[in-house]
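As structure tokens, one chain now follows by itself in the form predicted on its own.
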């Protein structure tokens, strides 16, 4: 069911919608705190300096000033929320322990500003968040109690799931998030594909899959930002995003904890699928914070075809 501007449902704010999901007060509070933090992040994106911070993250990548600022904004909000025991961020090289007692509290893994290198050319970027009960960071994505992303584009949108469907909210002129679409659903197949990585580094199976997509008339849509590209597929309800294993880079590029698990959770909740080419993303047991994985995510039939072609000898 989609809700359009002007309808009663369009006036439902995020907190009210969360309370209707029959989840704990602590989880409602946590998600609302992240939504509040996003208001400060978008202000930083719109007005902040685009320089380099002079530091590097746990992958050895140079951090932009906006990466560091966004990370501090979100981390501070999480620490002061009172409901988080453990924090891991793509921009931190170690686990940040807020409380040793994890009873009733949550672990949050997040990418504060995914696609930040796109800000200086004014393309859309986003925040990606994964939430677990307790303080175990290295859990399968299937154990998430909530996942969400915030897209900072022409409009600021907030898409979340607590395991009961996927819902989109849009920031209004008062900087409040109000319901735009409820129970977003994926179609089995689509004609949009977003292929990451250099094509000349694709394996034979992935190259065959791309030719299959082209033959069926799929249109290439790729901005270089995971959040806007997956948001397009999710909200249009069809298509596939992929960042496969590459020759010389068998683990691909994207991070399991900070990017793939939350996006896979959202996609499955919308009736789509996400795999590394062998098993569902949500069933991968992470062994380290900086673990990467290939990914094919989107419409179930398209993802199934990717696996089929990838398994060809």
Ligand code: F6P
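If you're wondering where the values come from, they're calculated on a predicted model, not measured in any experiment. Numbering follows the first chain given and starts at 1.
The protein also exists as the form predicted together with the named molecule; that form is not presented, and the subsequent description refers to it.
Chemist: Residue 188 versus the named molecule, in the predicted bound form: is there a non-hydrogen atom within 4.5 Å?
Modeler: Residue 188 lies outside the contact set for the named molecule.
Chemist: Would you classify residue 115 as touching the named molecule in the predicted bound form, given a 4.5 Å non-hydrogen atom cut-off?
Modeler: Yes, contact at 4.5 Å.
Chemist: Even though the named molecule is not shown here, does residue 109 get within 4.5 Å of it in the predicted bound form, heavy atoms only?
Modeler: No, residue 109 sits far enough from the named molecule in the predicted bound form that none of its heavy atoms falls within 4.5 Å.
Chemist: Please check if residue 104 has a heavy atom lying within 4.5 Å of any heavy atom of the named molecule in the predicted bound form.
Modeler: Contact check for residue 104: no, nothing within 4.5 Å of the named molecule in the predicted bound form.
Chemist: Out of 254, 66, 37, 257, which one falls within 4.5 Å of the named molecule in the predicted bound form, going by heavy atoms?
Modeler: It is 254.
Chemist: Which one, 153, 205, 197, 237, lies within 4.5 Å of the named molecule in the predicted bound form by heavy atoms?
Modeler: That would be 197.
Chemist: Counting only heavy atoms and a 4.5 Å cutoff, which of 70-78, 129-137, 239-247, 206-214 contacts the named molecule in the predicted bound form?
Modeler: So the stretch in question is 239-247.
Chemist: Quick one: which residues from 214-228 get a non-hydrogen atom within 4.5 Å of the named molecule in the predicted bound form?
Modeler: In sequence order, 222, 224, 225, 226 come within 4.5 Å of the partner.
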